[in-house]
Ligand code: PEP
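Next comes just one chain, in structure tokens: the form predicted on its own.
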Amino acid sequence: MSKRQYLVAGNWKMNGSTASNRSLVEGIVAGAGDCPKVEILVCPPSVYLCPVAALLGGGVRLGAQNLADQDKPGAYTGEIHGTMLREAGCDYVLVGHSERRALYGESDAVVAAKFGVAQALDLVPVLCLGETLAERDAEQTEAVLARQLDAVLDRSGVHAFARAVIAYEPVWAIGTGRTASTAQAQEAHAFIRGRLAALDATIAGSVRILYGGSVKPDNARELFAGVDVDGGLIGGASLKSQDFMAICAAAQAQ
């Protein structure tokens, strides 16, 4: 089968302003036409979703960084319901990012619930998986990935991955300047795909698995060359349009 369409997603995290967002989006939209084979996604902070949506064009998609695990709106102060994200123009939502797990205590069960709610509300979840440095050093990478993935499989089933994206993010490589080697990234991606393939080979072959963790213009092309690597979830480099579009160009060149 042909290679899955590359997806390059920018996770802006808690960064941005009205002025800087406009400049960033204008640069991304201007360059999107040079990467027709690549799906491009931006995930700004929630307060900027609507203004950013108004600036988007050229097929660039909008995503949110998080959503509530509630299936109905209600008395949940500070939370954002998935229907609100859809109304703001979102097609995608990140689920289970390592910072949500580590800093805000999101368990595998909570992440699995958010994944299910996202799909029920017509959002495509980008499920984030990854191990810490201590877990990698203890040779627990596959056990951690299996545990995180199985929590979603047990709740939603393998067929849910027909309309989902997975992002492998080794926690030790996020914002540290350290990057998994091409072989390390491919090995983890192959493990994830293989676990899905044991349940449904067709879905495993179609699901896109992104790499996240200090992806930059100078290493993106090598990372994206892995047979099971279908693009990237980009953090710091997504805040500069020139760097982000250089990463998109690396995907386009594959």
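The first residue of the shown sequence is 1; numbering continues from there. None of these values were measured; they are calculated from a predicted model.
Heads up, the form predicted in complex with phosphoenolpyruvate (PEP) isn't pictured, but that's what we're talking about next.
Enquirer: Establish, in the predicted complex, whether V29, R61 and M245 all lie within 4.5 Å of phosphoenolpyruvate (PEP), using non-hydrogen atoms for the distance.
Expert: So, no: the whole triplet misses phosphoenolpyruvate (PEP).
Enquirer: Pick from I174, C90, L145, V165: which has a non-hydrogen atom within 4.5 Å of phosphoenolpyruvate (PEP) in the predicted complex?
Expert: Looking at I174, C90, L145, V165 one by one, just I174 meets the 4.5 Å heavy-atom criterion.
Enquirer: Is G16 close to phosphoenolpyruvate (PEP) in the predicted complex, meaning a heavy atom pair under 4.5 Å apart or at it?
Expert: Result no; G16 lies far from phosphoenolpyruvate (PEP) in the predicted complex.
Enquirer: Even though phosphoenolpyruvate (PEP) is not shown here, does G213 get within 4.5 Å of it in the predicted complex, heavy atoms only?
Expert: Contact with phosphoenolpyruvate (PEP), yes.
Enquirer: Answer with yes or no whether E169 is in contact with phosphoenolpyruvate (PEP) in the predicted complex, where contact means some heavy atom within 4.5 Å.
Expert: Yes, contact at 4.5 Å.
Enquirer: Tell me which of 153 to 161, 133 to 141, 174 to 182, 113 to 121 has residues with heavy atoms within 4.5 angstroms of phosphoenolpyruvate (PEP) in the predicted complex?
Expert: Looking at the partner contacts, the answer comes out as 174 to 182.
Enquirer: Residue by residue through 125 to 159, which ones have a non-hydrogen atom no more than 4.5 angstroms from phosphoenolpyruvate (PEP) in the predicted complex?
Expert: Read in sequence order, no residue approaches phosphoenolpyruvate (PEP) (within 4.5 Å, in the predicted complex).
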